[in-house]
Every structure is written in C-alpha cells, then in structure tokens.
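One chain comes next, on its own, written out as structure tokens in the form predicted alone.
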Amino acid sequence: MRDPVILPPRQVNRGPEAVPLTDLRQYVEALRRLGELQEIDVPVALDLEVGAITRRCYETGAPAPLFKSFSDHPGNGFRILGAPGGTSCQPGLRLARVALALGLPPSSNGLEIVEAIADSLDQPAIPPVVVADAPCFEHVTTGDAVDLTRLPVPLLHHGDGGRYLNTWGCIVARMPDGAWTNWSIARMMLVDGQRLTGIVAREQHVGMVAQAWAAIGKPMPFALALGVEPAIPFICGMPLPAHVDEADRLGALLGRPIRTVRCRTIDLEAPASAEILIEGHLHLDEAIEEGPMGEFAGYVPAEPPTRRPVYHVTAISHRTGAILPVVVAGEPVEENHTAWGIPSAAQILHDLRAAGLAITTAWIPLESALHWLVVTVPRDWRRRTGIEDSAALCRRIGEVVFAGKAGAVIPKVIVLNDDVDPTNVRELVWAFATRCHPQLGHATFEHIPAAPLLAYLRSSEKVAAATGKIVYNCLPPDEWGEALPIRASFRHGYPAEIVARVRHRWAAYGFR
C-alpha cells in the first residue's frame, strides 16, 4: 500500500489563478467568473425568503445568491450576498469560495487549505497598515440620525427570535491599555434603530475584552465591519490564542498587511475594505432578550430568549450600493463549518505538531457540524514520537486538542492511520466502522470546557460550559506494529502500474 500524498509545509502553490482579493466586490467578480454567483433580480422577502433561498443554495451546492431588491423593505440601494463561504457542486471546486478568499487556487482541496493556514502560524506576523480614507465613508450617519432599520436585515430561520444583522462581519475590540486588538465573529440581533444585542461569552475573546472595560467602569468601544475583504471572516473564526492579534496573523497568511482605517466616533481602526461600518459601545451592565437562532449544530434551539448585553450604535458608514453578506447557519455545510471548522483544524494541526506528535493532518469533517475532529498519523508514529502504544498516543492527542481554544468546540476526536483521506466522508465512515474496537477503542475525558451551543448538551452542562469528551482509537492493535492490512479497493489494492493502466484505458473499455 502506498502512502497518501500530503502537501508538505511551505509548498502550497498559490499559482497564477490565485489573485489577491482585497475587497468584497473583487471577490464577487471572481465568483461570477468562476460560475459561483447567481444574481437574483426579482424582489424577495427579507422575512424568511432570503434565508430559505440561501439554505437551499447550501444544500444543493448552488452558486452564492446576490439579492438586489426586497419585496418587504425599500432596500435603500443595499444588496445581500448569501452563502459567501459555502461549498460548490462544481466538480473539483467544492471549496473554491474558501480557497479564493484565502488567496489560493480555486481547485485547492481541504487538506491543502489546512496546511497553508497551519504553516502560516510559524511565519512572522505582518501588522495591518492604517490608510487615510476608505470607500465606506461615502455615506456617514452619526448620533441621533443613526437608523439601523434602513439596512435590509433579514429574518433568517422560522423560529428565530429576531432579525440578525451580523452573521459574517468582523467585530473589532481592543483592550483598554491597547495591548491587544481582537477581531471576531459573533451573531448580533437587531433591537431597534440604534441598538443591537448578541452573545458575549466570558470565555470568548470579545467577552474578555468587554470584561476588561467593565472592570474600569466603561462600556467597550466596538466596530462592526460588514462586507470586508473575503479572507477576514476566516481569521475572525480561527481559534487563535488570547492576546494574539488576528490582523497580524492574517497578514502572515496572505503575505501582505491588511488595510485598516480609523473610525469616526470611537478610538479604533477597522478593516478599510468594509462595505458597511458600524461604530458604538457595548454595555455589559445593560441587557435585553436575544434569540433563539438557528445555529451551527443544525437546529433552532427549543429554548426561550436569553438576556444579552446591548450594543449602542453611534455611527453607520457605508458605500453606495453596499453589499451585506449573510450566513444562514444550520445543517452542514455552511460558513460555520468552513470559516470556523477549517481554520480550527489548521490551529489544531499546528498545536499537535508543536507538541512533538507525528501528525499527517487534522480535519474537521464539514458534515459533522464541528462535532468531529479527525487526526491521521503515519504508520511509523511510534518511532517518530517515542510513544509505544496507541492508547497512550490517543490520550496525548486528546490532552493537546482539549487544552486549546479550538478544542472547546470539538467533543469527539477520531484517530486513524493516514491511508485514510479524512475529507472523503465515505472513506471516513468505512474506516471508523471497521477500525474502532467497541470496548477498547476510546479514551474519555471528564469535565472539559465546551461550547454551550453543542447540540446534545444538557442544561447543567451549558451553564457549566463543560462536558465529557472522547478520543476514538481507530489505530491497529499494537501487536501488529507498523503492519497494515491491504485495503481491498481500486486505489490501494492493485500495483501502481495496473491502476494507471485502468485509468488510461477507461474510455477504451467503453466507460464514459
């Protein structure tokens, strides 16, 4: 059996197809050229119809919908882009939107994208540069004239507790001492013309920054940049360690500094590429009901609204004909699974390798809704790690994964030999079913930090933000050593020359 081909670090070919896309409009045009954009000229309803169309696009692999007019809102010249980081049904282009956004060739596969992101974590940081002006300041409204209801804010799911303005925007927040600027994504629900509300979890980075401002008796200044250059949401969704600036790490990934611009009413710099820029202050001492909302696990929770902190808006700036990107979270695959799951896999891969473990790759299957992580290892992992048995290796992998920020989301880890392609769901199901011993094939972990939005958690676990987690040992019995059975498949079960001959002569046999 031949070893799988895994792209080594620093050999990710960005190629001539990979053109830097520095704003959302360039990205939209790139999608159009690739056949990944569907302009919708007929008026559609913000109440559920935009959400339903976008959901169907996710589930069929259809192009990203660009909505131009609305039957239940004047629109005011704004447009909506749905499924900006969804997957495609075009052959060889499943992750084209993700790859384009990150400056990679559109044909890049999941493992190549993970390797590129993981490799960038060892590259020097490239801080952002501040520019004097930005297109978003074509139209500026401040103070009492601010009116969020002028924006086309959709009702996304049947059962949502309100309309959600932020599902794909960059929240900018900075510590009071200026030592750390955090970029993140968190849902924000429209309250009225000048207020928003949403989840601000204490354990999340925006929550940590907000707590620091509350400790000195002040609300937290924030900027919400909507419709930014396409790579930014992916770094906002990446579980970097605390006190690491996302903008710096994105610069390292792209090989260029991100452009930022100074806000008009608060002391922050926000992405200069924004189509819409909202400024204001977050008040932790004020709360209003928010939710429920359809989320990444694939459900609209059967729970009452929860009281959340309030964002008071002091300014809205936007481009002429501004585009609001919209994510309709739910059953896979949508942007939580691509822009959160893929960078999370890259961070975990980097952490495992930094811990001295021989890891071929890490992958969060898009279809698992962030509930599975697959880690693959070479057959000589014993010699390369110094660990003698598979149970000890799996426990060590779990210790590293669950100690990191990304591990707070992942409840189930599957460890396999690297003859399995973890991005191939059919192969993954077969390998898990045939290689995991029902009695011996797991290592359990108790009271591990957990994201409260995991689908199966009991109320007590959500309150505690902790649960039990597991690593499934799908490695061969230790008594086999490095021996593996031959896979009875076309790719693995025949000599290379036979595989090549059959592929070459396929049409001659009469097959299409």
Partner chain sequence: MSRHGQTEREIADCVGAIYEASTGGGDWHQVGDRLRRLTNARRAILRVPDANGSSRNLLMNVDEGDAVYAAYYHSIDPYTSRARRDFSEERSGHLGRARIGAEIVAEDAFLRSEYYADFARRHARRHMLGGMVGVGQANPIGLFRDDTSQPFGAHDVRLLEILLPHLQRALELRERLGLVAEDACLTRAALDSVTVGMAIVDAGLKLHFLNEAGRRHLDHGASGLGSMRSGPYAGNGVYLAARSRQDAARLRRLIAPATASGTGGAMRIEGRDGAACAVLVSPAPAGLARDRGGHASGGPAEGLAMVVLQRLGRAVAPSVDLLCDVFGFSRAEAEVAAALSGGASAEDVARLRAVSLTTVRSQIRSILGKCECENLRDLEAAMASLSVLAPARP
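Residue numbers count along the first chain shown, from 1. Quick caveat: nothing in here was measured; it's all calculated off a predicted structure.
Beyond the structure shown, there is the form predicted in complex with the partner chain, which is absent from this document and is the topic of what follows.
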Inset, instruction - Answer with one of R487, R56, R32, H447: the residue that has a non-hydrogen atom within 4.5 Å of the partner chain in the predicted bound form. - result: R487
Inset, instruction - Select from the listed residues E39, E461, D47, E482 the one whose heavy atoms reach within 4.5 Å of the partner chain in the predicted bound form. - result: E482
Legend entry - Among 255-263, 331-339, 189-197, 387-395, the region lying within 4.5 Å of the partner chain in the predicted bound form by heavy atom distance: 387-395
Legend entry - Contact flag, D248 vs the partner chain in the predicted bound form, heavy atom cut 4.5 Å: no
Inset, instruction - Look up in the predicted bound form whether H243 has a non-hydrogen atom within 4.5 angstroms of the partner chain, and give yes or no. - result: no
Legend entry - Touches the partner chain in the predicted bound form: P20 (any heavy atom, 4.5 Å): no
Legend entry - Partner proximity in the predicted bound form: R501 to the partner chain, non-hydrogen atom cutoff 4.5 Å: no
Legend entry - in the predicted bound form: members of 360-398 within 4.5 Å of the partner chain, any heavy atom: R379, R382, R383, E388, D389
